[in-house]
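What follows is one chain in structure tokens, specifically the form predicted alone.
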Amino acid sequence: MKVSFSPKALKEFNSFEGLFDNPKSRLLPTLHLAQREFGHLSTEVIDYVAALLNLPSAKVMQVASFYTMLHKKSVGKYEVTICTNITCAMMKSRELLAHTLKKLNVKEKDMTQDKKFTIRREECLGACDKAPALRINDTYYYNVTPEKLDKILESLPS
């Protein structure tokens, strides 16, 4: 499969050149753009980004593998990320994670059968004062209980 940005994404990529003078500085925004464009960062996408930035594929993969918000495989329409760091764990986030996995009948980091959800833990969401915290795509939720989570999940459009 030949991978290439759409004209709109290519225009956005080209705008990065005016913002960042070094290809390494353009790498993260380009990876985010590629993930938005292609859904995840497959080997072909990694190679494409490397070629665009004239960087080794290994360097691009190294960066893509470091950041948890960059995906190397497909994820569901909604990525539910539950903080399991110490404060959230003390407020039962690990039980919340187990509840979610059971409710959706899915294993951590896998996609539900309907491709709607991917559930994973995160080391920290930076919301210790509102624990337990979770993020669904780009929206944060605080003081989450299993009942509150069930209502949130049910309210999401298909």
Partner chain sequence: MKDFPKVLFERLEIPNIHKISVFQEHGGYQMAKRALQMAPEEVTKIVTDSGLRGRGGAGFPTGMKWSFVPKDASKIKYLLCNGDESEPGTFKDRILMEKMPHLLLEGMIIAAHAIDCHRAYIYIRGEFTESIAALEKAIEDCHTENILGKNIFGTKFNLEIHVFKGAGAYICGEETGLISSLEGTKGWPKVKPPFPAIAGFNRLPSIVNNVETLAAVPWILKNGAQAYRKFGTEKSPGTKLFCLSGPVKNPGTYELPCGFPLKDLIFDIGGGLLDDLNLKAVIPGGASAKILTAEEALKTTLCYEGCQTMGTMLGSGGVIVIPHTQCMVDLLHVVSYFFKDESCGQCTPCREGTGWMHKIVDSILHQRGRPEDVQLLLDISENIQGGRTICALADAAAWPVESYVKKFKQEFVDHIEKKACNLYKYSASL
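Residue numbers count along the first chain shown, from 1. Computed from a predicted structure; not experimentally measured.
Heads up, the form predicted together with its partner chain isn't pictured, but that's what we're talking about next.
Visitor: Taking Lys107, Asp114 and Asp150 as a possible spot, do all three reach its partner chain in the predicted complex with a heavy atom inside 4.5 Å?
Guide: Checking in the predicted complex: none of Lys107, Asp114 and Asp150 is within 4.5 Å of its partner chain.
Visitor: Would Pro29 show up as a contact with its partner chain in the predicted complex if we use heavy atoms at 4.5 Å?
Guide: Yes, contact at 4.5 Å.
Visitor: If we define contact as a non-hydrogen atom of the residue within 4.5 angstroms of the partner, is Glu95 a contact of its partner chain in the predicted complex?
Guide: Yes, Glu95 lies within 4.5 Å of its partner chain in the predicted complex.
Visitor: Using a 4.5 angstroms cut-off on non-hydrogen atoms, would Asn22 count as touching its partner chain in the predicted complex?
Guide: Yes, Asn22 sits close enough to its partner chain in the predicted complex that at least one of its heavy atoms falls within 4.5 Å.
Visitor: Test of understanding: in the predicted complex, would Ile119 fall inside 4.5 Å of its partner chain by heavy atoms?
Guide: No - in the predicted complex, heavy atoms of Ile119 and its partner chain never come within 4.5 Å of each other.
Visitor: Can you tell me which bits of 78-98 touch its partner chain in the predicted complex, meaning any heavy atom within 4.5 Å?
Guide: Residues within 4.5 Å: Thr84, Asn85, Ile86, Thr87, Ala89, Met90, Met91, Lys92, Arg94, Glu95, Leu97, Ala98.
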